[in-house]
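The data below hold one chain only, encoded as structure tokens and taken in the form predicted alone.
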């Protein structure tokens, strides 16, 4: 099982040479092909390595991270060095001086999940400063619990695709429903039903409206409305305005199921700020015709309508507003809790929304409690490292950044997720020590002091399953371990014994024994539910076992049926169109109800005079984030070895650019090279460059160096969504583009750094 699908792997005894998708998958992902050749790729970390400067000069800040060579050490040496450094930091600075980053999709496995392993280890060490939320959903994970009492239920208990296909008359999709994103699920996936569900909806006579700057954000026949990027909230407000002025609001629903609507209506009608949020106002901001907006509002009120908002819309400045405004629009229509109507968040963002959930807990490695209370929003890592002791606002609290001396990272690549990579590199120069577990020499591994070579999911046994997938899968190793790589569990076990808590960490179990133990825990839940689950040995021989799922689910149907008994976990127990709590925080960038806030990075502002193209840095279609960027599917999309940037023919022609040209994409933060691909499926002043190309600076010693490979995060601003959530804002950025006419630099992203043997270094 991989994040992008269930498959069988064919091995030659050392490498995966072919993959075959699961026969039960309706629409297998082509990303599976990236696994072929990945085990022994030249970018693998072959053994333990330590940065030369750290080894020779000891722990301390260093601007050589990312540019230094490494020294190969034995596993015994690595264990001794790492255990000693952990003990030094804890004894000298305390456990809050350790930051356990470990953010990423390392494996769908339930046991060999890098985040679970490292967090369990660090908690037993005495704790660590942790991160909260995710880059994907930084704004949503804070705003939605406050206004509808939940976050994950929006996805895990969303309205099922079969209900939508059967019941929805009109699906209005802010951000579209990008099929490319539905290839993946964080616990793996055995089926991809989105394409078939959208086809079934249309075949039944249902209609789809895709509101997105990119035409291919929707599969198949749909009305495409292409607004100026970043203006979705203005459009939603104008739709709400039409519902009010045309007397189409379901006031009975609002009275029973929501609070604070009157304050929001005053804002819509301009009573609070003198600005009427009507279609003419939204047209001036968005570029959509006012009549088109008004007509859409009336169509939405005429039948069973589902309002959906992709995750991408909250990865911008003021990202809290889009899901909140979408929920409010759906509430005004009064269809929340009705089959095929209401609200959805994340359809087309991952292969989870729309899929039926399983009703019992999944096999889970117990991590224990973290004795250290400190945490940061995950997208604030550079702020944390650069500003020890500084106070900041977050979700109604006033917090202080700890002084981090050691960063422990396992299972992720922040050079994919984080913004303003020049700033991130300066931040990573500050700690005393950076430890990275990784199978590959990713950009993060290159910036480490201690590199721990991990196995990939293809080299170890594990269990895989997801909250919204009916199969528990036996992930059986396809190949032997590469070179001197180890499972993270074995690494942490050795460290734990060296630090005096090995028996607590392992509980006396090998990896194989842990798998059987976790399976039996899960099996008890299945049997108690009346299901059937074989003994572990039989399950392992079969390869997978089916679980019961909750089908025909509609989001918030229980709340609609009885709002008192099934009250939401908000202060009022209802949907909070106006939140007194948020209003009381007094934030200037996130008030008490959904509102329009002008972005900094948009085509309607002054910044566009200098950087006139709006770049959308969305998720790639050829890989998951930056994983296996060297794989065949990912590589086939490159142009001259660089990530492709899509441009409208008019914008390209004005700059003398043709398909296949290498171009320089730049602003006042940085620059990267990319390969031009002309496409009229976007506005002329919009360009699209996916995230995930491995960061490849032409000068590894210069934090502001040109990235020759096409990583857009050298361009994106490192600012939070608002003081409320401080989520990632990496989706939108303004740029300029010019043809690159000089000698094209080589791609070195996948080449390992210099790693010298200990004997060679001793002679220097």
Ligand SMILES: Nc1nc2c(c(=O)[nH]1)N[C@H]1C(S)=C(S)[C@@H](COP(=O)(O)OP(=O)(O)OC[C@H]3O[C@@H](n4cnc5c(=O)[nH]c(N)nc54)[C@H](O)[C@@H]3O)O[C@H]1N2
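Here the structure is a predicted model, which is why all the values come from computation and not from measurement. Positions refer to the first chain, counted from 1.
This next part talks about the form predicted in complex with the ligand, which is not shown.
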item	value
In the predicted bound form, the one of 175, 279, 354, 323 near the ligand [non-hydrogen atom within 4.5 angstroms]	175
Option touching the ligand, based on a heavy atom within 4.5 Å in the predicted bound form, out of 616, 651, 259, 242	616
Heavy atom distance at most 4.5 Å to the ligand in the predicted bound form, all of 106, 229 and 419	yes
The ligand contact in the predicted bound form: residue 311, any heavy atom under 4.5 Å	yes
Touches the ligand in the predicted bound form: residue 519 (any heavy atom, 4.5 Å)	no
Partner proximity in the predicted bound form: residue 731 to the ligand, non-hydrogen atom cutoff 4.5 Å	yes
Residue contact check: residue 159 to the ligand in the predicted bound form, 4.5 Å heavy atom	no
Interface segment, criterion being heavy atoms within 4.5 Å of the ligand in the predicted bound form, picked from 97-105, 376-384, 423-431, 508-516	97-105
Residues in 614-634 close to the ligand in the predicted bound form, defined by a heavy atom within 4.5 Å, in order	616, 617, 618, 619, 620, 621, 623, 624, 625, 626, 627
